[in-house]
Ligand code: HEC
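A single chain, nothing else alongside it, follows as structure tokens in the form predicted alone.
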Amino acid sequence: MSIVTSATLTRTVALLFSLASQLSSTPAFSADAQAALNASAHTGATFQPPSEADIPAGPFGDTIRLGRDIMLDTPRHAARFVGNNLSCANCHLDAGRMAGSAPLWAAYVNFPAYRAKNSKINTYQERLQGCFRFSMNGSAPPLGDPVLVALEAYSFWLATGLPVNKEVAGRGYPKLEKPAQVADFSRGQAVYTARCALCHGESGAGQSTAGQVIFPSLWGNQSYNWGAGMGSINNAAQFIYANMPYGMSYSLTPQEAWDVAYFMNAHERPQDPRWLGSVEATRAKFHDSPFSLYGQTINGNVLGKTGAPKRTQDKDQAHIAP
């Protein structure tokens, strides 16, 4: 069951189908149809996580349900650790169930794992800490915190039946070849205006109804910060191609996905919490990639030149993975 009220859910579903109908001449997909499309196209995924109806009763089931609720409305259920209006399910669609949308079941069975991002072996909880610091522009829950335990329990349950330490189809986002043309701001702006702005707004600020965020912010103070994985154009392009516009997976061409990812990430957003005192030093250490626009000059502005992080970060505490 959803954590939102039935009235809000009804309005949300109606809005989604209305928007999908306006954006495309093809019929709007249901969530189940979109999940099936993601599983069959470009991912090769065949695994189906268990149904919510099969969540067990008792304390363990309650923890699993809390993990699901955190996924769906993170600012409400993990407020202490969130610094924007995003929820985990904005990038891990269908509450982390959907193949081709970084599903939790595919990630869970491949941890612990080495991550180049922090040059160490990460446990699954440490990986989740990173999501809070970067994607949620917040602070990392301490290891063992009920928020992390619930998310880990939910991921464990979703992965029921999967072997550990085996690469599974549907993990992450489908890979995209480099675009035929270098990603371009103007072309991306045109794609955004035609296919994205109806949901996310001309300003990229997203939309809310009855206090519930329906379409998340893509840039600005309420979006992910410069350290998030979605801040890399290649990651954003892969996600967009497989999952956007919502309900119309793979309706953009690969070139359009690259262009609109470039446009989205060519806007200012919260500072990287790993800030080293200057844009130049922070880029050299953490963003030395052709896929990062951090520190680059776009339309006369140096992206990331906003000073130290506005939100107090806890990156120096012992319980945080570097």
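None of the values given here were measured: they were computed from a predicted structure. Numbers follow the displayed sequence, beginning with 1.
The protein also exists as the form predicted together with the named molecule; that form is not presented, and the subsequent description refers to it.
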In this chain shown alone, the residue from Leu143, Ala153, Leu176, Cys199 with a heavy atom within 4.5 Å of the named molecule in the predicted complex is Cys199
Heavy atom within 4.5 Å of the named molecule in the predicted complex, from candidates Leu93, Ala183, Ile233, Ala242, belongs to Leu93
Decide whether Ser249 counts as a contact residue for the named molecule in the predicted complex under a heavy atom distance cut-off of 4.5 Å.
-> no
TODO: Using a 4.5 Å heavy atom cut-off, state whether Met71 contacts the named molecule in the predicted complex.
DONE: yes
Contact between Val149 and the named molecule in the predicted complex at 4.5 Å, heavy atoms?
no
ask   = Does the 4.5 Å heavy atom contact test between Ala45 and the named molecule in the predicted complex come out positive?
value = no
Discussion item. In the predicted complex, does each of Arg274, Leu293 and Ile298 have a heavy atom within 4.5 Å of the named molecule?
Written reply: no
Those residues of 251-274 with a non-hydrogen atom no more than 4.5 Å from the named molecule in the predicted complex are Leu252, Val260, Met264
